[in-house]
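In structure tokens, the next block holds one chain alone, the form predicted on its own.
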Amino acid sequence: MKVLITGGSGLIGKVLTQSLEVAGHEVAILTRRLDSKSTVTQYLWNPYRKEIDADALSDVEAIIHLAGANIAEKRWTKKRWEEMYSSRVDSAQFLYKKVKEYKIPLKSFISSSAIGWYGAGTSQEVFTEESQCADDILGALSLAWESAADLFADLGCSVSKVRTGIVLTNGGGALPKMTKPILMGIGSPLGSGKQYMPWIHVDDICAVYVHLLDQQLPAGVYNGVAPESITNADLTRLLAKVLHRSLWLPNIPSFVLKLIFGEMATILLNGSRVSANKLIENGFQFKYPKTLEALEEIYGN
């Protein structure tokens, strides 16, 4: 099957490309900048300018939409929110229009989404795929993101959405940022440390996409998180253990994080449990269901 990936050069995209090729799929990526060192077929596009190489969609049977500006990379200004929205929502809508215009017989559209669907709060609720979308800024973004993916159902193809938690890998993302202060001897939990941090190993999130593509999982909405729930304090402690470092500083106060990160601090200071039961009930087997074994694999212990 020929699979086209947006965000193919990103954190998940690089590993997913390899996983799909191992599974026997032909993979191509959409990118705004060609990489001369890449061994993967690349096509130029610029969804902001509504530009795409028409050859990119030729013979494509499935699209995996991973594109999206990193939500935790910069302070949440109005301009940054416009970029995060456009890179996810507008880009999906643009793809839909082109697939429809070129009459591509697409079989499957699989979109990344986020546990931000459930909002930036801490509660005792364990959120499932049936839980309502939160009435906050993260919920609104996730709703628009998933609604754009749902457009593809009008073309007669299956649609799936993966609400992804924190992806654990030393290739980028949140984990290296958490690791650095611990290695420097200044690591400590954030705020109360009681907020939950739904996570998933990069190999497992890629396996979810491959299973959806190969119809080993029925199409639908899934929480892309591991079965084990863990708080920020416990994750910090396990990281220190795996890295053979001590934690001696007190928790970083909430007000300090708010001064540094502004509104974005809400995603650092809040978090609830998210259920992985739907994946498990549909036969998905996690390679790394436990936090400690995931961290030990990443750091070679």
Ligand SMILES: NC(=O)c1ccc[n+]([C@@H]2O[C@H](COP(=O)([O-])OP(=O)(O)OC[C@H]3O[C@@H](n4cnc5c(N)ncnc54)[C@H](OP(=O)(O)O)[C@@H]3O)[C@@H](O)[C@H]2O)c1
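None of the values given here were measured: they were computed from a predicted structure. So that there is no doubt, residue numbering starts at 1 and follows the sequence shown.
The form predicted together with this ligand exists for this protein as well; it is not shown, and the discussion that follows is about that form.
Heavy atoms within 4.5 Å of this ligand in the predicted bound form are found in one stretch of 239-247, 50-58, 64-72, 263-271, which is 64-72. This ligand is not drawn, but in the predicted bound form it has a heavy atom within 4.5 Å of W145.
Under a 4.5 angstroms non-hydrogen atom cutoff, this ligand in the predicted bound form lacks G191 among its neighbouring residues. For S275, no non-hydrogen atom is located within 4.5 Å of this ligand in the predicted bound form, even though that partner is not displayed. At the 4.5 Å threshold, heavy atoms of I12 reach this ligand in the predicted bound form. Residue in contact with this ligand in the predicted bound form (any heavy atom within 4.5 Å), chosen from S87, T231, T179, S160: S87.
Only one of the listed residues (L217, I104, I166, L138) places a non-hydrogen atom within 4.5 angstroms of this ligand in the predicted bound form, and that residue is I166.
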